[in-house]
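Each of the two blocks below gives one form of the same protein chain as structure tokens; they are labelled structure 1 and structure 2.
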Structure 1
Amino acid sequence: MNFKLIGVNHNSAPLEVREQLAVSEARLPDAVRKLVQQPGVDEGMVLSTCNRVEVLTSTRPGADLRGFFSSYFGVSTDALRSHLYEFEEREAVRHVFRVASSLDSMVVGEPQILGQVKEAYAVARGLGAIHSALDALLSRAFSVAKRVRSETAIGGSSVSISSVAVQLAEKIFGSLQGKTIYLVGAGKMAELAARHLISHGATTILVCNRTHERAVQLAEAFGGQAIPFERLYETAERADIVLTSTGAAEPLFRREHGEAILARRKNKPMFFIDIAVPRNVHPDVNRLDGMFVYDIDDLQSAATTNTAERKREAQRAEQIVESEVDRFAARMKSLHVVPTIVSLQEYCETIRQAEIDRIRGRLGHITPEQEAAIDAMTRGIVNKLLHTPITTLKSTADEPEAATIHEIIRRIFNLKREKLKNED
């Protein structure tokens, strides 16, 4: 295994740092292309969500992922050093399995991360950046995530960002009955949060998105109203709860916007749920009386309460992941002996055929039945002779002396020179 992963997440880096590293959906293909152009990188994938930015690769010696991170995002290595984590080989496999299974999520058990990993995989694979080793790893990760979902109750016991948003809104307003929700951005998480808010009494939905057609679609789904993006600020005062989730590089709502909105609302409170990274609402807005702003990290803090049940299910899920890591590592190690086994079989088959051809002229006329008997007999001899070395190669693939045994067999049968010849 030559897997290497580097990244930051909600545990290693504050929101201010993650904002600098976020990769928008539009920029993702460019990031992947730049990644696989790096020296030593054979395959690569970039995962960017509100809680993490990670680079996963299959590499050769010399690959400098820290250098890529620093140069691509324009952030100094020193500034990133204390926030970056890096995993190789088995540890990288474990991390990928845990991420896909939502064990490394801000809210353990949330279902969105698996879809996000699959989308990142699809982009990289579509660009030809994933083709063999990473394909095997990601395919297995999706199976592991499915197994965790089916064998534990981690999904059922999770506390979602959406449910936390509802709890906080009810603390501010007492009741959500008759409240107006303004969705700024029309992504999946915003839609999910809106459904939770409506189920708790909110009645009016406004939707504003740069792509107006998407705003119209979402508004129709809720029986709400789509607002052109250029009318965002003149209509924001109508909302009690503003849920922002756009990919804007700079905050959409700053202190001056908050002051103007408060004046038009005659100081009626307003609740901002900002799940965007980078943030759509500037922290200064939260300093205004009557403005309540919760960003993605604030929601994380609120979601960590009452976690006993989730912890029990997470422990069961961790055991599944660990067993799957062992299985995957064993499978990858066994793949290393396949070329030697194939070379050994081809080498012996060449000798067998050559010997049959050499004596065929001395046998005179032989019937098809006799020809088949000779073929079966010689093939049986070769298979019996190869049984022990092939079994040994397979059975010791996971042991410390595997490389030594592998090399001895290649030397005994003169396979090393044959391998070099094939590579030429």
Structure 2
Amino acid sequence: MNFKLIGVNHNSAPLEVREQLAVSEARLPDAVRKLVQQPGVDEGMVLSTCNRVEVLTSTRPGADLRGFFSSYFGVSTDALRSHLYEFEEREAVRHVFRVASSLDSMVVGEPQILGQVKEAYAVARGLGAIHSALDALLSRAFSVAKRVRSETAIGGSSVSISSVAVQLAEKIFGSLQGKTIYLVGAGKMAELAARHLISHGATTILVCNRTHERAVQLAEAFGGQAIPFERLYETAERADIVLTSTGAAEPLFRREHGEAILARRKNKPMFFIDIAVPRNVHPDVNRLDGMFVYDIDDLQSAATTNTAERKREAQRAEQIVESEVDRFAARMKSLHVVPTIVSLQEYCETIRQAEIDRIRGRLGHITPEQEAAIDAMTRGIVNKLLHTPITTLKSTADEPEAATIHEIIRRIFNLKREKLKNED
């Protein structure tokens, strides 16, 4: 067997190229069918997501995957040349493991890709395009992905500022369910962050803006309530999360405001997300018990810490993948020798049976015990004779002289070649 993988991803090809190659869910079965009809392709599957289009096959020599790619998608080989990557054997195994473990993703560690690979596998399997070789590879890939996920913290951290804000809010409040967000300033970025918080469960939205019309507009969009600017401070005590983004030159919330708000809300914790520059919330507010103030730089650096941590975890994940590739390759190689061992055993068994049959006639009447003894003895001789050749075959499976040893054993025992066709 020979694994071959060809494809494009977000690193190798720009969006315009990936768009041209993307295979929609509806067209996927057709693509898989066309793929396995190619000469030389034994098994195959097609993975198409917004970041990658890949074709994974188990092939015999002569398979032309590049040709398939350009003919199926109707794009000239020249146009694709610089974007396509191609992996074989060990490299292909590693790539599949990395993709399934989300190490090759645009956002490393994002969890969707494993599901997408599983889906592509299920489609190909349903069409009968996957047999033993790809099956072994994919099921190994799934358990590698699981191992990476459980042994590293790669899926644990998020990156963008909005998700950092959500992450922090969850660290403070546990869940955002039922929490109140207070938007002070109604800019685009505040709107985006608010949307993110709402999607994580925040329910009540209050909007306060110097231009009241804009506040009303935004409040309507979120199904919230617009607050006149004069009531900025008295409303604040209702909020669990305050998102400030006004263009005010001086901080709107200072220590004394914070103290007053805390007293009115019975010391319940409060989270200020200050994305305004210059800042809307004075850093002193962060010193008050139960008040947490993060400005844009804090959020940015939290996001970077996450990325650094993620990188470290990704390195550990790469090591796991590497060791798994070794294990898989070793298993694949030892699978190669199995047919030779089987035909060797069959060959000797035939001789043994023939010899027993020959001598049975000459022995006349024998008891079942005697018959069993003869059977055991001959079997013992055969097993002892075969022991060394079989262990040698197994132990040298991944050494360079494996092919020579195979050839010698075949010649010595005069094994038929057709029994070994799986081998090349």
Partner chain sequence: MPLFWLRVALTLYGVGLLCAVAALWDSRRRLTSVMRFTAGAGIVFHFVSLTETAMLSETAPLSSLHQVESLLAFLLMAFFFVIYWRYQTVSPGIAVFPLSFLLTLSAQSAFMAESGTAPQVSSSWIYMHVGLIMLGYSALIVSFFASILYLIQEKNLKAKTVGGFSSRLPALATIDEIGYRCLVFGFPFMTFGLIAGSVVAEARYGAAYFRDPKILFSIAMWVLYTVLLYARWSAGWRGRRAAYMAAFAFGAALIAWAANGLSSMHRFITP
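Residue positions are counted from 1 along structure 1's sequence. Keep in mind the model is a prediction, meaning the values are calculated, not measured. Here the rigid core means the biggest group of C-alpha atoms that line up within 1.5 Å when the two forms are laid on top of each other.
The first of the two structures is the form predicted on its own. Residue displacement note: R279 has its CA displaced by at least 2 Å between the two structures (rigid core superposed). In the core-superposed comparison between the two structures, the C-alpha atom of S245 has shifted by at least 2 angstroms.
Remark: with the core as the superposition reference, the CA shift of S82 between the two structures stays below 2 Å.
Taking the core as reference, the C-alpha deviation of L197 between the two structures is 4.7 Å.
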